[in-house]
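The chain that follows stands alone, in the form predicted alone, written as structure tokens.
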């Protein structure tokens, strides 16, 4: 597989020169300075591509060309936004960039409640607590109907015993501090969304009000309708993908559970089968994010990799550990539920790009201002682990010389 790295442009504290030194071959990036809903011009794409190539690397994957909310909920300007999207796709293809990772998650991209959860060895990981997320929803966001929904929510977990999430939330309320409430808003709304979806910025003065306004846009949108909106979008852009030989690869939902009253439609094997079959064009494919999928206790990640490998255009290698109560954390890239060694066997082909994802924060990463989940030393460590796995697999494929008699 092609070794790639998510890079956040010229302002990224991790430079292209650093990436070349650690064995990165391709860059995964986007035009982060272009406002949502505007065309990515060929000139702007070319300028960034040439900047990357001048460092001895190539722009392998776009992550992400954002799908605006109006496309997802089916707003009145949906068709206009789809035309803008198609123009951006043509401009990317004209500059030789033909793999586009995107997501169809309403409002909220990936979510975590703790961005520096301590490990025993002194490093830290991203962590998701269902009780803390439910507390945020009920008592900070104060979403209408949130308490009733959480009382009926089944938490994906390894065991069969039920979890009383509302009792945990009420217990948590007794010890919750204003500082921790502020941290939850930062972790859920600002620090994980501002550099990903573009819906929020760190200087937003009223992020919760803005968040509620986005949620209101999805009133009445259920799983069936969101699926139909995704199908509408994909059918509209597939002629451009055929014309330009562009592979679209949707990222699974993270976490793989319906939250905040919003439907999530790329969580399970059944979900993936649905959108691949609904639009059977081979350019309609999947970003196989082993971390997102392994956070769902009901997902057999290896079986899913085998089934969907023919329609996988991009791979995110990371793994999650699920605790007995269903909460989950990022695991070592050689641990957790995802079995990345087996996934490398399944996906190994020269033209398929992969990147390590959400590395641990370690050895001072936490002081260097990196985006949440995107440390340098932690991801470099993970990249070294995966490079070792791939080198071993390649070695095993070679015929071994017969021992001398």
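Positions refer to the first chain, counted from 1. If you're wondering where the values come from, they're calculated on a predicted model, not measured in any experiment.
Although not depicted, the form predicted together with D-mannose is the subject of the following passage.
Taking 110, 233, 328, 133 one by one, only a single residue has any non-hydrogen atom within 4.5 Å of D-mannose in the predicted bound form, and it is 110.
Though D-mannose is absent from this view, in the predicted bound form it lies within 4.5 Å of a heavy atom of just one residue from 102, 127, 139, 308, which is 102.
Proximity of residue 374 to D-mannose in the predicted bound form falls within the 4.5 Å heavy atom cutoff.
Interface membership of residue 379, defined by any non-hydrogen atom within 4.5 Å of D-mannose in the predicted bound form, is ruled out. Although the partner is absent here, residue 64 is a contact residue: one of its heavy atoms lies within 4.5 angstroms of D-mannose in the predicted bound form. Taking the partner from elsewhere, residue 264 is found to have every heavy atom lying beyond 4.5 Å of D-mannose in the predicted bound form. Judged by heavy atoms within 4.5 Å of D-mannose in the predicted bound form, the contact stretch among the candidates 354-362, 33-41, 340-348, 48-56 is 354-362. In the predicted bound form, 6 is the single residue of 1-20 with at least one heavy atom within 4.5 Å of D-mannose.
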